[in-house]
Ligand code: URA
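Next up: just one chain, as structure tokens, the form predicted on its own.
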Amino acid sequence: MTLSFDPGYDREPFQTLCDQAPGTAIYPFSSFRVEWGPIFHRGRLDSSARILCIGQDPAEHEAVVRRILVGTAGHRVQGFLAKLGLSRSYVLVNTFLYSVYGQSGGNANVNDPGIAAYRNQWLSAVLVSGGVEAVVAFGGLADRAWQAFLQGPGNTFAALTYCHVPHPTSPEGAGGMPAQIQARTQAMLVAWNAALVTLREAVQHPDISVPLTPYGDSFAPSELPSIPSFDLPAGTPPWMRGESGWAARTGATAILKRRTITTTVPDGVIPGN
């Protein structure tokens, strides 16, 4: 039976990996929001995934839903996968289990031995079945994670088709005026279009056959689909799968903002509101 929700970590080696997730001895409080707990993945862990996507770190939406890439970046990645004909057969793993805290936290810790060793166990567990046909890294930290993984002893996955593309929210992350963000978005989508061509050749077993439709200068609404219910834990309300923006870090001071995530049910969900 195909479930309409993610059953969780119901098989090995993922049960043990979750049980053995590193804490503050590996992920320092000074660089990571360890207080919100580890967030492991999104997608298929049953050997049916055809593509492995590597992201960066979980943010506020992910802390609530307990799956990675469900906010703005997640909707953009979901649209990217749809262009490959992948509506279900994918798996997403982040570079870090915990949200990065501070500007330098990610770069300073991306290949710390303990962080890399645990991450490599996840990558190996996902890839060992042999079903994955391609790998895509979203952002520089994800690329560094993949390159470090390939350097491990006895690694046999270098032959997989691999693309490194800009992180989905890198245009906004760099700041600047709207025109600058739009220019960076356009440049990012040019890189994404090139990756789609390469990945389409590598993914020989998509879920559905779709024509290759490249991105334009910005994201069209149809290119930002909802997160599927079968990627999320049972009981997740439908509005958490839709447009992002329902979660935000709030507080008058840095420590209050770190301690507080405000979630707001979107307009229209409650009748009359």
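These numbers were taken from a predicted model, which means no experiment stands behind them. So that there is no doubt, residue numbering starts at 1 and follows the sequence shown.
Although not depicted, the form predicted in complex with ligand URA is the subject of the following passage.
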Location of ligand URA contact in the predicted complex, chosen stretch of 177 to 185, 151 to 159, 69 to 77, 118 to 126 [non-hydrogen atom, 4.5 Å]: 69 to 77
With a cut-off of 4.5 Å between heavy atoms, is L52 one of the residues that contacts ligand URA in the predicted complex? no
Just to confirm, R144 within 4.5 Å of ligand URA in the predicted complex by heavy atoms? no
Taking any heavy atom pair closer than or equal to 4.5 Å as contact, tell me whether K83 reaches ligand URA in the predicted complex. no
Contact test in the predicted complex: A59 vs ligand URA, heavy atoms, 4.5 Å: yes
Using a 4.5 Å cut-off on heavy atoms, which residues of 162 to 176 contact ligand URA in the predicted complex? H167
